[in-house]
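A lone chain, given as structure tokens: the form predicted on its own.
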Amino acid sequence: MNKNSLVEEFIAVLRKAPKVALFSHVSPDGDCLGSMLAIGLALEKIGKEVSFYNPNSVPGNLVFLPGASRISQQLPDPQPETLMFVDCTDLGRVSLSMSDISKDTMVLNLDHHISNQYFGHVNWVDSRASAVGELALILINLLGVEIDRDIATNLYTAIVTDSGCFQYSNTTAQTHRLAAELMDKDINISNIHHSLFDQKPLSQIKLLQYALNGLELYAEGQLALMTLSLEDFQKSGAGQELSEGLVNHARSIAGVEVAVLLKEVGPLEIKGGLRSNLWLNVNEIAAQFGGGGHNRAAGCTFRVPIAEAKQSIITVIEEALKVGRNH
């Protein structure tokens, strides 16, 4: 099926469905929540009954999103016949499996991760998009829904967060064109940026302090690695969600090509966040540990002590950097 036919089928399913449940991934960010809320608000404009689900609570810097208070941590019951997953590479990103989904349910998968597992009945996956918010905007336009200020606020938030304020390499001319379209809807850019980037709780700054205290450089300064233990979270008073974005402080060091943040989230459960600057494909690195994401941003999970996870990922990245230098 070509892309145009796939998108047409995606739209047709949504037009036909009387009820739609929308899902977004664990440790939610501005892209998954903003896109999910925008799509849901748009579907309601064409008469659909919509529910919103995320396994985790909404982070403090995203509670300003229109509709955020409607996001539930309880699965919809009864389950609608149409489920739409937004910004999810696989069902595990929503803490679900196929056994949790009714046999006759239609599953829609809207995503931009290169590592997507194509788990839906209809999969609209475009890794060229800087954010799933780009695809959400296109979807809403194709549905013929007038984008109001609330929908635009959600979509702009989605795009600006996943493009790193239009700094990341995934930013394209199309990204800017879509952002401009949203800015024409009279959204409050200053308030959005202030909420997203200028309002950090003290506990997050303390958590950053612990992460920087453990900063180490490897591979002749090309690899920067930080670690956070459960004790660091406890002492700082920060929740796991407040570690989002801390890895970029390591990535910004001159000479660093790849940065890693390893954080302990439970006994023998270590989450790894990987970011690269110019050329190293961290999606391939993460895939070696059962994870994935994008070429410049990916994640994975280790079921070993943090010291063992640290040594494993250092070894793999040092080899990848060496091979890259030689080519």
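Just count from 1 along the sequence shown to find any residue number. Note that the structure is a prediction, hence the values are computed from the model and not measured.
Another form exists, predicted together with another copy of the chain; not displayed. Remarks below refer to it.
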Open item on the list: Only one of Arg149, His121, Lys235, His176 gets a heavy atom within 4.5 Å of another copy of the chain in the predicted bound form. Which one?
Closed with: His176
Task: Stretch from 196 to 204, 111 to 119, 98 to 106, 140 to 148 whose residues place a heavy atom within 4.5 Å of another copy of the chain in the predicted bound form - done: 196 to 204
Open item on the list: How about Leu208 - does it come within 4.5 Å of another copy of the chain in the predicted bound form, if we only consider non-hydrogen atoms?
Closed with: yes
- [ ] Could you confirm whether Thr171 comes within 4.5 Å of another copy of the chain in the predicted bound form, counting heavy atoms only?
- [x] yes
TODO: Using a 4.5 Å heavy atom cut-off, state whether Ser190 contacts another copy of the chain in the predicted bound form.
DONE: yes
Task: 4.5 angstroms heavy atom contact with another copy of the chain in the predicted bound form for Leu215 - done: yes
